[in-house]
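One chain comes next, on its own, written out as structure tokens in the form predicted alone.
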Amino acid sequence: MEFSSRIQGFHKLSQSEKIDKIKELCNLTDADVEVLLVKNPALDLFDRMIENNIGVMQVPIGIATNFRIDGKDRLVTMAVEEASVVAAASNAAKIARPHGGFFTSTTGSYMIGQIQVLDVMTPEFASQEILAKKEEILKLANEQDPILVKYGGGAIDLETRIIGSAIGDMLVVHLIVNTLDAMGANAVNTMAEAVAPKIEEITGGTVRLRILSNLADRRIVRARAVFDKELLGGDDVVEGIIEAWAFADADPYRAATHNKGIMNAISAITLATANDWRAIEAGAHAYAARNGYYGSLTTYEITEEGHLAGTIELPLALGTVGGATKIHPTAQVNLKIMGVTGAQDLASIVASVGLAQNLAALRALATEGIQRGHMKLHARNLAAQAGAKGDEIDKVSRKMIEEGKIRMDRAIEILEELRKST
């Protein structure tokens, strides 16, 4: 179903009005809405997901609007507790719309299973022996998951590496697996364990670790967008963003916070879809250091017309089948809202929103500073914590912002003054 993600005044609607709007646009059922409202927390399901379960930690789910990705408008669900993340991404998406929004590409859903081999007397010779018997090893790996193979996935290639370590040289075999729409950890680990005895037989060595790598550099996603210079605030803002990005790309202290801002969006969508956000975080940060130093996951350039061209490139091992994603009811509703068709489609959305989030942060840093937007929302939180109700929250937060005194003690004072005057 086609619709525009450019929803005027969406942030001004009440929660029930927002939900009614999303229900209409995304063809949600009453049961879907019940899940979003946590009236059906499925505690028995969660009790089976982890050990020693005692309850559920709820995180707000927001809708990022204005996104147009690969020619299609998308509403994006983000599970995050940090103020301004959803608003910032939505605003950046609006700035990209005049130039077509975001465009993406992926390298496929290929994961790496690592097999560590120790005590190999002739590692170079053993490497060639392994590669010579590649088809035999791949056949053994694929026998572990006939369903994955049936649908076109499975182990497709082998690589060998000899690496130096604190305990001497070791031979590492990489099993390359096409996991299709699954994240693939279980499938890859099972295959790696199954071929380990064969690797020992070939090399005469001892296999120790057999496990997937979260540096999924065969599962790269790229997104690009042109951000309109007038909507950004003009040439000076464009230059300021370029300068801020260059700082991050040159200095790991700045890059750590720069990339954390990207992950604000990426982890929020990953969590909303019950994917493994820890794996995504680990892979992204490792990829940022792939050239021997830790730098930016994004790049910015100025077009001939003076607009800002932004790109992002990172590994995203996301799944839409299997694991918690398939059984978590809220994850299923969130995938439905986003209109996700598969793992690579989800990855394209995630990369696009990560780029948008980064652009929004750099723009704030280059102009008003990052705290202004944060503190506006923080003022509302403080007003609520002080005991404000309903429209009192807006009045108390507005007064604190006007005074530039966004503190709990001032929120309490303003609320007391407000109630005395009514």
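This structure is a prediction, so every number in the text was calculated from the model and none was measured. Quick note: we count residues from 1 along the sequence shown, nothing fancier.
FYI, the form predicted together with a small molecule isn't displayed, but the following is about it.
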{"item": "The single option of 257, 341, 206, 186 touching the small molecule in the predicted complex, heavy atom within 4.5 Å", "value": "257"}
{"item": "In the predicted complex, the residue from 283, 261, 319, 101 that sits within 4.5 Å of the small molecule by heavy atoms", "value": "261"}
{"item": "Residue stretch of 61-69, 381-389, 358-366, 24-32 approaching the small molecule in the predicted complex, non-hydrogen atom distance within 4.5 Å", "value": "358-366"}
{"item": "4.5 Å heavy atom contact, residue 239 to the small molecule in the predicted complex", "value": "no"}
{"item": "Residue contact check: residue 82 to the small molecule in the predicted complex, 4.5 Å heavy atom", "value": "yes"}
